[in-house]
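Read the single chain below, which is given as C-alpha cells and is the form predicted alone.
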C-alpha cells in the first residue's frame, strides 16, 4: 500500500487528478478518481472527461504490476491499452477502478481493469480495459538493467 501511495505522489498527473489508493494487495489494486468540476469533459452534462477515466485505468494497471512484482521494483511502461467506455459516469460521482495483473512473462505483464461509479461497484461498469506493459528491471543503483 505504501509503495502505491508513494507512486501516486511522484507522478504529477496522478496528483493533479486527485487519484487515491483504496486498496493494494498482491492480487491487484483499487483506485479512486474523484468527481471535480475541472475534470468535466462536457460542461453541459457535467460528465467526467473520458481521458481522466483512461488515466485512472492506466495508472491502476501500472500499480497492479507493482503489487504483483513486489518486493522487486521494476518500471512498467504501457505497451498497449484498450479501454471500452460502456457508459458515462453520473455527474457528481467518483469513479473506482479495480486492476489485476493476471499474467507475468519474462518481459511483459498483462492486466485487466474495470471501472465503476463509486457506490455501484456491483452494477454496470463505466469502462473495462485490458493492457500490456513492458518489464524494465532496475539494478541496485536504480538504473534500468540491460
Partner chain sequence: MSDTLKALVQACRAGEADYQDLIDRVPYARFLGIQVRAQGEELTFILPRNENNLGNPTLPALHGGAVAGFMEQAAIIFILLQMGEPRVPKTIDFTIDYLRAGLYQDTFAECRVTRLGRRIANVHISAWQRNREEPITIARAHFLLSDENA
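Residue numbers count along the first chain shown, from 1. Here the structure is a predicted model, which means the values were calculated and not measured.
As for the form predicted in complex with the partner chain, it is not shown, yet the points below apply to it.
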property	result
4.5 Å heavy atom contact, residue 34 and the partner chain in the predicted bound form	no
The partner chain contact in the predicted bound form: residue 110, any heavy atom under 4.5 Å	no
Residue contact check: residue 30 to the partner chain in the predicted bound form, 4.5 Å heavy atom	no
The partner chain contact in the predicted bound form: residue 78, any heavy atom under 4.5 Å	yes
Candidate stretches 94-102, 112-120, 55-63, 22-30, one within 4.5 Å of the partner chain in the predicted bound form by heavy atom	55-63
Sequence-ordered list of residues in 23-40 near the partner chain in the predicted bound form, where near means a heavy atom within 4.5 Å	36, 37, 38, 39, 40
